[in-house]
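A lone chain, given as structure tokens: the form predicted alone.
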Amino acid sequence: MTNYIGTATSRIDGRAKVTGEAKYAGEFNITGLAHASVVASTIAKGRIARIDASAALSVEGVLDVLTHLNRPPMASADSAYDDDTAPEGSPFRPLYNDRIWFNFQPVALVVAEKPEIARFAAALVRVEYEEQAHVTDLHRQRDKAFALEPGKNHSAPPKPRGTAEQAFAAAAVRHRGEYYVPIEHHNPIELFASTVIFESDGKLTVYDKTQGVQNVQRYLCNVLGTEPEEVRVMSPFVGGAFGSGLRPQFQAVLAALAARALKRSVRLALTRQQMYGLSYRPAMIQQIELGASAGGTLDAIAHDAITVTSQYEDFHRQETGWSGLLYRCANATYAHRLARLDLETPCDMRAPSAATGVYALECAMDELAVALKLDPLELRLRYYSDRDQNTDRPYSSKSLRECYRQGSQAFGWDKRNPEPRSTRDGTELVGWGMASGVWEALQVPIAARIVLTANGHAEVSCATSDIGTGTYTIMAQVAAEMLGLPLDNVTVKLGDSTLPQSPVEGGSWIAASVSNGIATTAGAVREELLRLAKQMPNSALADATADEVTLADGMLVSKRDATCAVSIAEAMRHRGVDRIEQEKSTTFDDDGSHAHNTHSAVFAEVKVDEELGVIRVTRVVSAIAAGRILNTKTARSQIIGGVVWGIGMALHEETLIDHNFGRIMNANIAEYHVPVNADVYDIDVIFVDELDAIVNPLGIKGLGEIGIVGVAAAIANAIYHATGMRVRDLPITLDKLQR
């Protein structure tokens, strides 16, 4: 049988990863490879007055030290440094001039025969600065933040609804709270690295850690002033990125500059500390006000956010409008302001805006439930919205009610005592909390190529990336099912800029996009096979149309009569065809009549030591509605990973900056805390069946982001239930419970 979609299939790249066969960007070797090391700024704002590289250049094995004074030519126009995901503004240009925008900014690059020599010599480079006053504290800049225009674009706050001011005045119960999320850094396992192979003809082959090889390829061509055929970017395996690899990072262009300067191959691998100079989830202050009637109708919502951006770009996402997708309310206002700090530009981190915006919203909803003396789940069911109120559209599918039902049943929510501090387990206070989750079901134009050979083997290729989410596997599954072949007969190629067009891998859009892209191309293969089969003498499919046949078990089979079939191999060999090659582009016809989203219901149990304040998340149930699930095994892994990250967001993660120096104090994974095995207990994942014939032909929605959304809020709400103390600023550490 060739039914693979929806099965628990092990990763086809798993063996390569666990045996070390899989190579990452910093592991491609070539004879004569040189190694580079970054010299980073120690100030947050100012200019470079002088660089003395003499001591570094005197070290045996050092090949060169590149600075803004001697690096190869680079483009001068801002537009050359734009990429597919760049926000408005003037993108950062590494080693371009003497301007210092942020701490950890690269100011020089040492290139040597060995990595150890490069790192040692980098420590010998002396840089003198003209330092300027800086600000890196969001709270100091909140009053200077500038507003975004509501409804201007997808990332702006939604337009207001109704008359919120009057509704608040008339509300029987009002809640107002301020919620804070700190800067968080991605910290993927694989460090950012680029290995640039300088070919004999001067062309560059770049192995880069990225979520978009074609994005990086276009960026490098623009910055270096080269033709597209002169730069090839490859990224066959990525050890996690979570948004940090959406934009080309500075190590790629620095390594390419060094390769061109020396006319030899160069590798630049960043240190863990230097990774903190790349990207981060922006800090944000959110104020939410809710107005409700005594009978439990939601009458008004006001959601305001202030988020961080850099001095040179305007990065923002839509933080405030998620309530319009979840809760019925006729009156709502939204506002979003940006505060400029002397930091690098933020970037997307898993579920950008939803992880943070929904955290504040769902904590506020819990506080409203307490004020109304309503069960938090009952409150959400009363306010349930069947339409996207921001755009006044129905959903292509929304099974959130069923998520509530199945999740609460599996968790045992009906046994919850509503009184805070009412349940104990020895010396620990036990709390139960819940939250809703929502994310966008996005999809993007994409192209896929299929090469089918007469021996029944198919090669499927697309330039998309696999950042560890299982893209190799789901591409193989979809191709195997659509072509009627065994899974072992399908080979997948991805992560190469020369392959068919793909956007960056992000936003949970690749699984749906590439799967439907493969289905489109497989349809073209099927049509070509039918054309060949019809030319066979006494063909059983002589009168069949393309819509009337399917591929199964190596056969082209009539849907009307399974006995009418032609072997794929026979059809190709009869006409002397060794291979069929088809490449098709797929777009998604969206007339805008429906909203497309994924949803979740998260239930969490915490246990808090009454004397010490130590918090344990002992149980989480996450019920997910995300359309058709392609692979239940890798999908479950995705959600578990999201839940673990949600635990980190709630209890651990926080980038700490010494604002006197504008310098990150915990730029390492010893002091930047993330959950470890001892912090993770029982996680139960439920996939709620959800048929969606509107979102796309295969009914697929993405899973990468929805797993984290709502988790931090469910934990925060559980901590309140356990202790009776409401902590609104993350992370919730034990000191915040000692009041």
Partner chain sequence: MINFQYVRATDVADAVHRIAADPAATFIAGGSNLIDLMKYDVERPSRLIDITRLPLKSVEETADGGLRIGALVSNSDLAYHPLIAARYPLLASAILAGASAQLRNMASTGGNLLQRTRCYYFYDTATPCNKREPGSGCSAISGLNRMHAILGTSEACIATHPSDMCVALAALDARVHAAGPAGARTIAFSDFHRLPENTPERDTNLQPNEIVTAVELPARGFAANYTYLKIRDRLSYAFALVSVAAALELQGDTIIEARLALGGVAHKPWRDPTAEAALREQAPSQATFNRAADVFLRDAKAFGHNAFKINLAHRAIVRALIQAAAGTPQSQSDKKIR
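Numbering follows the first chain given and starts at 1. Small disclaimer: the values here were computed from a predicted structure and weren't measured.
Another form exists, predicted in complex with the partner chain; not displayed. Remarks below refer to it.
Residue-level contacts in the predicted bound form: of S385, Q409, S422, Q273, one residue has a heavy atom within 4.5 Å of the partner chain, and it is Q273. Proximity to the partner chain in the predicted bound form, defined as a heavy atom within 4.5 Å, holds among L381, A524, A80, I669 only for I669. Although the partner is absent here, N70 lies well away from the partner chain in the predicted bound form, with no heavy atom inside 4.5 Å. Interface membership of N3, defined by any non-hydrogen atom within 4.5 Å of the partner chain in the predicted bound form, is ruled out.
For E178, no non-hydrogen atom is located within 4.5 Å of the partner chain in the predicted bound form, even though that partner is not displayed. In the predicted bound form, at least one heavy atom of T733 sits within 4.5 Å of a heavy atom of the partner chain.
This chain is displayed without the partner chain, yet in the predicted bound form the stretch 112 to 120 from 465 to 473, 525 to 533, 574 to 582, 112 to 120 comes within 4.5 Å of it by heavy atoms. In the predicted bound form, G426, T427, E428 are the residues of 426 to 454 with at least one heavy atom within 4.5 Å of the partner chain, listed from first to last.
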